[in-house]
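First, one chain by itself in structure tokens, the form predicted alone.
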């Protein structure tokens, strides 16, 4: 079985920097997983060549498979990516109704971009290939492929949350999108809840059918456990061992709960002033959508809160929050994972969240505080589960994590590691393959999540 994988992000991109072309690998969880699959099985990976020098590398052979990059005209890129994918679908599928902006013509650009991917699929597909399409930017592509009478098995994987049927139906194009997705043979989500919401959406918009449940599966994405567990051992300790270290890393986004995290540190110090000077919160934020006004304002608000709390509680020798606004390399990230005492991963809502899994794999003594609204919370039950909207809950969890007995830390961590090691990348890929093979069988909602 070979694959034709379709994603917006490429496994590698080319950027022109200071007159030179640099090749950069994408180290995101999905990209790493798919690269492992494609290196083993072979095939074609179609992706959006949005790197500044990607137009010079439209096709290449890489790790035993072929990469094909599509280019989206600049006039369509804004409507497809900024306006529809990230201005409408992203806030909609994270329940941020007030942030949805219905831009005129955005859906036309979105549809146009999906057709560009369609042309690449038609040029590169062969009869023996499974077509595997990924995520909300390409939701119209399964239906477009089917309309061309392509009989190959189509897998569609949705990586972000899927909202309730009534909320999804507020989207003017909701019926078009769900009709396209159900034309796939296999549809996968990361949690049972998102799968259930999708089935209800299809029933609500298209009429009830057992076919939607038959096609859909809950299969949470895993990580390369051995990479993080083995390489983290070699990492050097970047911290002052005299203090407990709380750590987080996220891209700048309103769904990540960044402001509430900062405010929970203030609540912790208000309730437990004796902790001043005994911990530090290292908050790494990766730049994201730096030219978008909404994100510029969000960054300003976050930094004002950090400055206010540091100004109120800091001393000459100590500040409670160390804020780093830049991308960090893999070696640095591994050192933070390895030596932090607490990981504070509290998105307001998240399709899965792989940072928490990477932390658990890398640490030998850490405590994980995890939002109940992160998809991974359904798997990582031995973490300290909190409501990210409650500063009180997060403050209590931080206090408990800082003061947790070594034996209890080891007990929790042992169970978390076993879960993540079992459901690793190989497990995820095997379950996808099994879902393809079982696509004529009607599973129960937790057939895969309980294996």
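What you are looking at is a predicted structure, and each value in this text was computed from that prediction instead of being measured. Numbering follows the first chain given and starts at 1.
Heads up, the form predicted in complex with 6-O-phosphono-beta-D-fructofuranose isn't pictured, but that's what we're talking about next.
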| query | 6-O-phosphono-beta-D-fructofuranose isn't shown here, but in the model of the complex which of 109, 137, 267, 335 has a heavy atom within 4.5 Å of it? | reply | 137
| task | Scan 88, 285, 160, 120 and let me know which has any heavy atom within 4.5 Å of 6-O-phosphono-beta-D-fructofuranose in the model of the complex. | result | 160
| request: With heavy atoms only and a cut-off of 4.5 Å, decide whether residue 81 touches 6-O-phosphono-beta-D-fructofuranose in the model of the complex. | output: yes
| Interface membership of residue 372, 6-O-phosphono-beta-D-fructofuranose in the model of the complex, 4.5 Å heavy atom rule | no
| So, in the model of the complex, is residue 9 in contact with 6-O-phosphono-beta-D-fructofuranose at a 4.5 angstroms heavy atom limit? | yes
| Taking 4.5 angstroms as the cut-off for heavy atoms, does residue 289 touch 6-O-phosphono-beta-D-fructofuranose in the model of the complex? | yes
| remark: With a 4.5 Å heavy atom cut-off to 6-O-phosphono-beta-D-fructofuranose in the model of the complex, the contacting stretch among 356-364, 129-137, 167-175, 222-230 is 129-137
| request: For the heavy atom contacts within 4.5 Å of 6-O-phosphono-beta-D-fructofuranose in the model of the complex, list the residues of 224-251 involved, in sequence order. | output: 251
